[in-house]
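Take a look at this single chain in structure tokens; it is the form predicted on its own.
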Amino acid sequence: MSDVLTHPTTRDEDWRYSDAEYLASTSSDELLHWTEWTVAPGEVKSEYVTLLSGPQARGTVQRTRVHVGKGGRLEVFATLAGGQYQRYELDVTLEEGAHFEFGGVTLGGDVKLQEFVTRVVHAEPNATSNQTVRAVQWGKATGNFLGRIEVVRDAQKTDAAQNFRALLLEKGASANAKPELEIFADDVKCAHGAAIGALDEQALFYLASRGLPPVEARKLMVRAFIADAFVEISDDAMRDQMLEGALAELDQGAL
């Protein structure tokens, strides 16, 4: 197939919220490249991904395809806080009794566009998955989550969930959510939820009435908000590292 036909654009559903200019200026080889690996049966694999701000290429697209064997467990926790455009994509297939845990945070201002795109295939019975994504945006930045769950016909006893919430710190910031469920088995539990809003002014007033300065009050609320994405990290030190690393990227002007 020619490059023209395979090259993604914002007309494609999986790329609909992406940066059109970046897609047009980047080769298909870069945009469509997959890194592939496996989690062996019974193995537990944890990945921690942090893409921060600073001198970087104009955009970053990172795509990973993982096959999780019977009874295996894959954990991925990621923070996107840099680049004018960042896309982190995961395509996960689960065998019997396997589990996939994902926690992601987008954090950015100016005109940054950051997005998580996931596809989780429950290919065999008794597999479970849980995805928690939090977006914190200000300026004219955008945070996206496109999450797709597929349950094949014989994948009974599947338990799958995904949850997306966005916190917009300034007018002009935005977020997009596109949850999808495709279920062909009848004995399953699948759920998704999405919410987009601003900081709770009543909660801010309460904290201020207790003597907390406004900037500290706002930072405390943002901290609690994004902590949801990292709550399943079992290593306390790593959980704190991911959380504090994300908070360090907050633009003080947004608080």
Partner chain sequence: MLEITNLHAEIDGKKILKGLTLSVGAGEVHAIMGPNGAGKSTLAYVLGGRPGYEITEGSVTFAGQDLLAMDPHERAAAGFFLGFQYPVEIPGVSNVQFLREALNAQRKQRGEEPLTGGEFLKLAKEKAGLLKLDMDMLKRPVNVGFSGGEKKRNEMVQMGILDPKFAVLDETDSGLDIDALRVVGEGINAIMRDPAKGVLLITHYQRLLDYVQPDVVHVLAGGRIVKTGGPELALELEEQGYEAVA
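Everything numeric in this text was worked out from a predicted model, so none of it was measured. Positions refer to the first chain, counted from 1.
There is also a form predicted in complex with its partner chain; it is not shown, and the following applies to it.
Although the partner is absent here, E36 is not a contact residue: none of its heavy atoms lies within 4.5 angstroms of its partner chain in the predicted bound form. A residue is said to contact a partner when one of its heavy atoms sits within 4.5 Å of a partner heavy atom; E47 fails this definition for its partner chain in the predicted bound form, lying far away. Contact between R223 and its partner chain in the predicted bound form is found at the 4.5 Å heavy atom cutoff.
Using a 4.5 Å cutoff between non-hydrogen atoms, A208 counts as a contact of its partner chain in the predicted bound form. Stretch-level contact analysis of 213 to 221, 191 to 199, 38 to 46, 60 to 68 against its partner chain in the predicted bound form, using heavy atoms and a 4.5 Å limit, identifies 213 to 221.
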